[in-house]
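Just one chain is shown here, as structure tokens, and it is the form predicted alone.
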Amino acid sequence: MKVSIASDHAGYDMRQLVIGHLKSKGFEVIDGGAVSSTERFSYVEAGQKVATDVLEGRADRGIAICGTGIGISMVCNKFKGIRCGLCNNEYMARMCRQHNDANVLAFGARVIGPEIAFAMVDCFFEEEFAGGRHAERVGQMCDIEQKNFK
């Protein structure tokens, strides 16, 4: 599976750790965003990178990281077809896949530590969409996108 991952400067160090974790599990990684933790880089640009990679088929799923995860998840969710889940524990990462068919995982490097990040990433890639009643709700979200995204 191919994964796009990007971050702002606040998420740079965590991104490097997550990339190592993904590669150790055999994922192909598209790395984007900040080039260091000290040189400012906008979470808006990082979020756009991940969302665009997923939407244009360069990546199967994405991971978006900023200081809190809030800003970058908002950016990702501005793209029609992206369902980005902002998570801070394994249960949320599991549920965003099972119930919401999320294609991007977002989290905050200043909110969680590496071990939780790795556990969330593992859950996000292990889980499948449950379908059933959840498919109806995802369909409703897509209907809202069609109506409101120009």
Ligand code: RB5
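Bear in mind that the values here come from a model prediction, so they are computed numbers and not experimental data. Don't overthink the numbering: it's just position in the shown sequence, from 1.
Just so you know, the form predicted together with D-ribose exists too; it's not on screen, but the next bit is about it.
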Candidate stretches 6 to 14, 20 to 28, 137 to 145, 124 to 132 - the one whose heavy atoms come within 4.5 Å of D-ribose in the model of the complex: 6 to 14
4.5 Å heavy atom contact, residue 116 to D-ribose in the model of the complex: no
D-ribose contact in the model of the complex: residue 70, any heavy atom under 4.5 Å: yes
Partner proximity in the model of the complex: residue 105 to D-ribose, non-hydrogen atom cutoff 4.5 Å: no
4.5 Å heavy atom contact, residue 64 and D-ribose in the model of the complex: no
